[in-house]
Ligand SMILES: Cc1cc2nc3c(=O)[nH]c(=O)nc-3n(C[C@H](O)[C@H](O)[C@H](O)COP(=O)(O)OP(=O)(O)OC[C@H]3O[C@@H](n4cnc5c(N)ncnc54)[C@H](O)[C@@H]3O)c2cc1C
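Taking the form predicted on its own, here's one chain by itself in structure tokens.
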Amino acid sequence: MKQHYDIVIAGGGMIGTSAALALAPLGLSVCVVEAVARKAGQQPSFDDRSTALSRSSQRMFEAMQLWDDIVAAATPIRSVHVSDKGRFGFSHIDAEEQGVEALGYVVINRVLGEVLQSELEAADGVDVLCPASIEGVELGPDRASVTIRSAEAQETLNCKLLVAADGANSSVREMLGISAQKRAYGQRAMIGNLQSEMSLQQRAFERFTSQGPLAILPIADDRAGFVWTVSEQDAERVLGLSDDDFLAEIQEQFGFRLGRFSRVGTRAAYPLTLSKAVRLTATRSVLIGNSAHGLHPVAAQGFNLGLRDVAALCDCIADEARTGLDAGSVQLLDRYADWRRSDQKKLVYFTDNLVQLFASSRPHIRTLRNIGMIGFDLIPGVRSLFAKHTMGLAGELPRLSRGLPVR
């Protein structure tokens, strides 16, 4: 291992790995530090959860020449159906109406992880320390010094830029002296897959229930992936249900628009918390992905927002390199923070308020929801504007998010 790198990335999950691969063509020396072994059962980034990739994420992976391998195991979303349990009205978004072949694609994290990991192993200029952990950080005007502990030894790496991509509970963020505002939703996301009597036909469903949103997504082999938000108080009971009882409860919440559910797979659950870093940069360091923002899974925007962080950072680094500045310059970090602040704030506000709106039991709020969903379908331009934002195509987009190589 070298003792000096241009960039050290803390975290080798999907966002950290994507960042390393996106930076590789710039000819920089990069080191990825990941605490959990790739094949370990507790590796959270590469499990059996499903991730919905937005249009901008598709374009980014196309520009990185990874899309052919990803799409081979992905399922397109041609339409999205949104409903509110027990209330009148529903809304839908259709890919053909928006002039695209798909609104997004659903891929199993484990499959996406295999594509990213295989590419990372072959990437020039990228070293990987795994398992290894960052135990200390010292920031100076010319470099960041990172103390790394692995099974073999403890060593210090120096870099021009330290990138924190180690998740919502980022330890590196704390070492940088950046705090995060957190609020627990009092909910857990129940995840898994099941078989439906009728084919999803590349449709995704978002159903708002009294406990929280229930998403049904099309995945490989004509199965249905689900993300079912339940209250913290009820989570252990739901998780402990027999397969038949679990299917009966999720059926009651979703209804029979896909016929009867059967053959539910392994279920898991994780707590839901909104987190927002109070700032995105420190001296010679930057936050991306969940280290900067942890969203509710409603609308499936978290990973896509993190990829736009990666794309914007790559743009900033590529542009500054042309002027002779290094990857951790003050100008670069200021530009990145200014660029990303609006997109992150918008998505945090959107997802959080969507959860709060559909959690309300007040009669006048529920009536407004009915009117809103009807208006969503009837008022010209509303669906297209909403679709543009959920596909990640709104605002100033970095080159990778537009499908263009970073250099």
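For every residue, the number given is its place in the sequence shown, counted from 1. Keep in mind the model is a prediction, meaning the values are calculated, not measured.
We do not show the form predicted together with this ligand, though everything after this point is about it.
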Using 4.5 Å between non-hydrogen atoms, is L313 touching this ligand in the predicted bound form? no
Hey, in the predicted bound form, is G212 touching this ligand, heavy atoms inside 4.5 Å? no
Report whether the minimum heavy atom distance between V33 and this ligand in the predicted bound form is within 4.5 Å. yes
Going by a heavy atom distance of 4.5 Å, is R38 a contact of this ligand in the predicted bound form? no
Hey, with this ligand in the predicted bound form, do A52, I191 and G289 all fall inside the 4.5 Å heavy atom range? yes
Where, among 257-265, 276-284, 324-332, 300-308, do residues come within 4.5 Å of this ligand in the predicted bound form by heavy atom distance? 300-308
Which residue, A102, V111, A318, V227, is the contact with this ligand in the predicted bound form, using a 4.5 Å heavy atom cutoff? V227
Counting any non-hydrogen atom inside 4.5 Å, which residue from L200, A235, V137, A132 sits next to this ligand in the predicted bound form? A132
Heavy atom within 4.5 Å of this ligand in the predicted bound form - qualifying residues of 6-24: G11, G12, G13, M14, I15, G16
